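In structure tokens, the next block holds one chain alone, the form predicted on its own.
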Amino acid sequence: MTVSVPESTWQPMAHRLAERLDTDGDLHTPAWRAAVLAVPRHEFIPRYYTQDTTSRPLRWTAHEPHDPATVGSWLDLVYSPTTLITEVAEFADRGVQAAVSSSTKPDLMIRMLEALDVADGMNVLEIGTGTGYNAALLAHRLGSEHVFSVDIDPHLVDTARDRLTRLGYSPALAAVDGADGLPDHAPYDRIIATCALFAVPPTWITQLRPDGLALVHIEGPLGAGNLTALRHVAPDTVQGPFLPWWGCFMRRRAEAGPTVGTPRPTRSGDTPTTRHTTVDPAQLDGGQRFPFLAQLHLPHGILRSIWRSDDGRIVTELRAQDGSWAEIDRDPDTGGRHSVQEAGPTPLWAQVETAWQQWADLDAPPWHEFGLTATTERHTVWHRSPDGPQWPLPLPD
């Protein structure tokens, strides 16, 4: 069902959203303020989904406005700094649903657009069309002829194109794998990705103009990461800092439909060793700064889980593709130590302990003290300077 919302209703709501973004320090430039006021976000979110936490397995419930009460609550959500899930997909034969697309919260989106540092006449490639709302903001700011957007899902692209056309915008859209960029319209002055990646695809580096800027969410195998602003500093190299504020996105999909989880590696049958550690396994929770550093010491493909053992202990487990594993009790003993069991060729928890010591030596650095140098062959994370402490980013095989 499509609800018609008069301009006299949504315009004041867009104005209040812009005022809130301004007051909260997210919005600074008149051009992006004008885009927020001009683009009706509700046109891109005719429905949204919330997770039904009472169902097992967890399911998603669709919400569509159909009467004055639901229209009012829908518009309040749409014109607020809220991320809204807009598409879900089924895992085949598993009875499980996965969120596969969303409309990013406007405060994060505007921060990203301002960090993109665009100017009139620049060409921008967006990776992750989604609902089309961000493409509309870009098209309003730069003109449709300067905006290019791709998504892996043809349905999302077709729906976004219809919405954009209805509002008078005509950016170039394509249903392709975002890892390939969009070579037909390259080079680009700016690239903005609204999905998380393990690495910067080589095509993005080669399709970016000299001194161009790419805004990319890089995360490692533990799912910890942040946005980084990368300048094209050499023909095969981008480099720059992580942003001082945190933002996260769904991981890039290589095909339409839900992202299929990675199979758990088989545990080594070696006899485990038992010892104690003073590093609390809860320090790996949350997906932010220390977990980001810790995963730089771990092999790609590491999996982390939390579960309850048969004897009632709550355990953090790490597993690696080579069969190595570690189990760490989350409850400490009276001396503040946690029991560790581990086996296999790679000492996984010892590597986390090494990272913890480095974290302390670096004085728990904020995000903007980390940076990334990415080439078509290698990615290196550094602290404060490309010449400072360095760690290779674990990359997929």
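Residue indices: 1-based, along the sequence shown. What you see is a predicted model, and the numbers here were worked out from it, not measured in a lab.
This protein has a second form, the form predicted together with a small molecule, left out of what is shown; the following refers to that one.
Here is the short version: of Ser324, Thr228, Thr104, Gln295, the single residue with a heavy atom within 4.5 Å of the small molecule in the model of the complex is Thr104.
Checking Leu182, Val100, Leu284, Met122 against the small molecule in the model of the complex, a heavy atom within 4.5 Å turns up for just one residue: Val100.
Note that among 311 to 319, 218 to 226, 271 to 279, 143 to 151, the stretch whose heavy atoms approach the small molecule to within 4.5 Å in the model of the complex is 143 to 151.
When the small molecule is considered in the model of the complex, Gly130 lines it closely, a heavy atom lying within 4.5 Å.
Under a 4.5 angstroms non-hydrogen atom cutoff, the small molecule in the model of the complex lacks Asp236 among its neighbouring residues. Mapping the unseen interface onto this chain, Asp177 counts among the residues with a heavy atom inside 4.5 Å of the small molecule in the model of the complex.
The small molecule in the model of the complex comes within 4.5 Å of no heavy atom belonging to Arg289. Residues Glu126, Leu156 and Cys195 are all found to lie within 4.5 Å of the small molecule in the model of the complex, as judged by heavy atom distances.
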